[in-house]
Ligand SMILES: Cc1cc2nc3c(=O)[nH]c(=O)nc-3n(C[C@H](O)[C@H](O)[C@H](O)COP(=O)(O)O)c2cc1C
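The chain below stands alone and is given as structure tokens, in the form predicted alone.
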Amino acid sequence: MSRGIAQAETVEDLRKLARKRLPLAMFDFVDGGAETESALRHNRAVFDRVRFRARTVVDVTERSQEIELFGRKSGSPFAISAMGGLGTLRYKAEIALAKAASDARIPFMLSLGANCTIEEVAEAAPQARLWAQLYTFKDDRLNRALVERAAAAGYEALVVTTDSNVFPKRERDRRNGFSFGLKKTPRNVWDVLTHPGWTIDVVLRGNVGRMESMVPLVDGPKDTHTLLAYFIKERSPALDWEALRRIRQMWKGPMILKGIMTKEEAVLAADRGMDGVILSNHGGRNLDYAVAPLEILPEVMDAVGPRLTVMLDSGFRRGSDVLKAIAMGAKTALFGRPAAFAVAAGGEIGARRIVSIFQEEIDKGMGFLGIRTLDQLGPDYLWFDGLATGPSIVRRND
């Protein structure tokens, strides 16, 4: 498997390796989207509508993909986004990703649904740029407890997910009998038995899919299903600007809203003291037929670019995708699925491989585009398919 990871050249290569190692239900949990998966497919399709206009008579002997993000240098213009349930793919997956991100000097966002605690990840990767993801609860005492733990553990930023106030219909998971745990159907039992590497690594260690950071918040049993039931019961469907105001008062560092998908809400975020937004449709995993974040990036940049750090996720599979987003004004890009495939396939080795793939593609792309630093990149390096014949992903206000 290590040899296969070393030979992986793309996200798709790592995806195929993950598919071989994982039972179908675990693979589909990562790979799938909501309902018809139209939003999932569309997130990728929009990148194909953006093309490059290179400068070729340029000295690109020295190139740097460093950026400044919230007052600190980042080694590359991407970060690893939060994804819950990674412990169902690989034991201590979050620690593997945090270590890889630390060495690359990029942020790693820890999901509240992680199988490692807030404190455990911080201890394992003490130099990492850690961002804590938060789903809001009805009781602010729960929110405060999580926020204070993240601050005490040295997390740099708090990322509040805004787009998951109800639970999505993910049809692959329903068909597979999967919800942070597997139903014991004959097919699933056979699938587990025929994937011994995964079974030994994950199942035999116990607590598959348990939300470890939730354990101190719950009285009584601490098993996976009890914690998930508590999480579902206590989650707040009433996330509004007043709730965000209270959380803003709890957290003193950079506060980011993840899931913003309109310029109007981006303006409100700036007006209410947020430091950044992550444009996101949750990777096509929540609202089907949602617009892609790349499509709304130009209008958000026009509305709040100077006031907020604007980032985006959903659909990133190549270094060229990242360069397109940066050229359109984003500060950085984030990805979840590529990291999940990588860590599922190869643990920490896989985590380091996905980072190096993106870094190499960004470096080569910069050389071919004729830029030495990313601040040289702008919309004039892009060409948008369909400008003359149909709607572009760039909104023009002529």
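As the structure is a computational prediction, the values presented were derived from the model and not from experiment. Note that residue numbering follows the sequence shown and begins at 1.
Although not depicted, the form predicted in complex with the ligand is the subject of the following passage.
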Report task. Consider G33 of the chain shown here, and say whether it contacts the ligand in the predicted bound form, taking contact as heavy atoms within 4.5 Å. Result -> no
Requested in this report: Check whether Y135 has any heavy atom within 4.5 Å of a heavy atom of the ligand in the predicted bound form, and answer yes or no.
Outcome: yes
Requested in this report: Would you check, heavy atoms only and a 4.5 Å threshold, whether G283 touches the ligand in the predicted bound form?
Outcome: yes
**Report entry** Partner proximity in the predicted bound form: R317 to the ligand, non-hydrogen atom cutoff 4.5 Å
**Finding:** yes
Report summary line: TL;DR on 331-339, 345-353, 58-66, 359-367: the one with heavy atoms within 4.5 Å of the ligand in the predicted bound form is 331-339
Report task. Report whether all of G84, S111 and K258 sit within 4.5 Å of the ligand in the predicted bound form, measuring from non-hydrogen atoms. Result -> yes
Query raised in the report: Which of these residues, T224, T161, N143, S76, gets a heavy atom within 4.5 Å of the ligand in the predicted bound form?
Result: T161
